[in-house]
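Listed next as structure tokens is one chain, alone, in the form predicted alone.
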Amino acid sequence: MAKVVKNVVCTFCGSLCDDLEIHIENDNITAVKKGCALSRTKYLNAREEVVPLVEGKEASFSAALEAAVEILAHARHLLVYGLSSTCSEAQAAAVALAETLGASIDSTSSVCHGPGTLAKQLVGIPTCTLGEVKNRADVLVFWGCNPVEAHPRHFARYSVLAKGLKVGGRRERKVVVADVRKTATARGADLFLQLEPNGDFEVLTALRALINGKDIVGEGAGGLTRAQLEECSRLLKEASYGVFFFGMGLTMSRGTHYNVSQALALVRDLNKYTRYSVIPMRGHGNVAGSENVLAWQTGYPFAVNFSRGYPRYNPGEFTAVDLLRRGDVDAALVVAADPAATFPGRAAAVLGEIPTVVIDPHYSATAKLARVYLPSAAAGIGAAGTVYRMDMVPLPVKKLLNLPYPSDKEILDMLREGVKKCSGSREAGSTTRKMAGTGK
């Protein structure tokens, strides 16, 4: 039986384009309309052939689940990590499991936009929706990001090429790109600022000085000439409504959250003369949601520890890379992420040295290292739920196919129930032994 599902939300990247048209026949996706190359690949390969694994050997799902429960229940210092490519309902279930086990929980934010979140806590952030960008923004700044390749439909749907109510399209917009190399995004810019590596803070500081009518020392900063800096400051101040997008080129270069703090301060300065907003160019489909869920469940956006029975927050101590690198965890649960492919070598290697459980629709590099691999139904394909766009707008995602495995949320709920039963039986046994020793 063939059917067409319209207005599907693509969960690949933080743009969360919500206008896809998915053609389904015999419970298989046969065509994807309006999607980019990345989304077409994701949906057309939705039925990946994967099986549960225990110690690298095929197992039944119930056996793999039981093995995972044993690992989690006996861990003294568990790390729960990932959460960026699943629904917010699953993220909330992961928080509940971490609290039950007194674990540390961290999202992929800590290795991408976490410094930006720290900066927001320090400086504050004037932000807006992508709808406002489309309808009102006549100056767009892309700093340390490359949406043409990483968010392929961003220009057409939300920013540079989009025709809005107040701005008619590309001819009525100015585009500034700042990066260390001439990317595909930079090739279409009105002004390209090719920075020296790690020169972001210096350039942002110089721009703040010029925008506020101050002079700068020397003939330039951060690889840019004085003329380039003056041209950029003039263009930024002439905006009727500007939006500053930033990516990992800013958050993960030397200076990290100080870079973002300076960028946010630059926007604050610009708001003395005109109107500006900031939107982090989030990568994974629901990484913004992971910070939202953790914040409303624990009070903190990432790097949270429950070992004392209440949530504690300390980036650098409870962030996943730091915990693994120091050897502070004895087991890990990875949900909807692939840290073995992205973490520094030592941190990634530890995942293969300790008992690791992976919940993921795909057999990833991390799954190859894991003691237990539990396949799941992909969010927005085999599971419905809620996801957050990069501008923090929540969107509902649909279940399109009947896939053979449960959703991430269902698996996390099963693990939590299993752990509670396992812990209860251990406590009961301990009580029995104590009573036997007293003769009562």
Partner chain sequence: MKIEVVLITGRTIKQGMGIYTGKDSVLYRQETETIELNAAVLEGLGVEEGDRVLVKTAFGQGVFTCRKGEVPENVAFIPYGLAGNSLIGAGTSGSGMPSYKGITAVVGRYEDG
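Residue numbers count along the first chain shown, from 1. Source: prediction; values computed, not measured.
The following text describes the form predicted in complex with the partner chain, which does not appear among the structures shown.
*Asks:* Quick one: which of 203 to 211, 111 to 119, 72 to 80, 216 to 224 gets within 4.5 Å of the partner chain in the predicted complex, going by heavy atoms?
*Replies:* Looking at the other structure, the answer is 111 to 119.
*Asks:* Tell me, yes or no, whether residue 367 is in contact with the partner chain in the predicted complex, where a contact means a heavy atom of each within 4.5 Å.
*Replies:* Because no heavy atom of residue 367 falls inside 4.5 Å of the partner chain in the predicted complex, the answer is no.
*Asks:* Given that the partner chain is not shown alongside this chain, does residue 246 nevertheless sit within 4.5 Å of it in the predicted complex, heavy atom to heavy atom?
*Replies:* Contact with the partner chain, no.
*Asks:* Would you please decide whether residue 156 lies within 4.5 angstroms of the partner chain in the predicted complex, comparing each non-hydrogen atom pair?
*Replies:* The answer is no: residue 156 has no heavy atom within 4.5 Å of the partner chain.
*Asks:* Using the partner position in the predicted complex, report whether residue 340 sits within 4.5 Å of the partner chain, counting heavy atoms only.
*Replies:* So residue 340 counts as contacting the partner chain.
*Asks:* Which one, 354, 189, 235, 252, lies within 4.5 Å of the partner chain in the predicted complex by heavy atoms?
*Replies:* Answer to the contact question: 252.
*Asks:* For the stretch 16 to 39, I need every residue with any heavy atom inside 4.5 Å of the partner chain in the predicted complex, listed N to C.
*Replies:* Stretch hits, in order: 37, 38.
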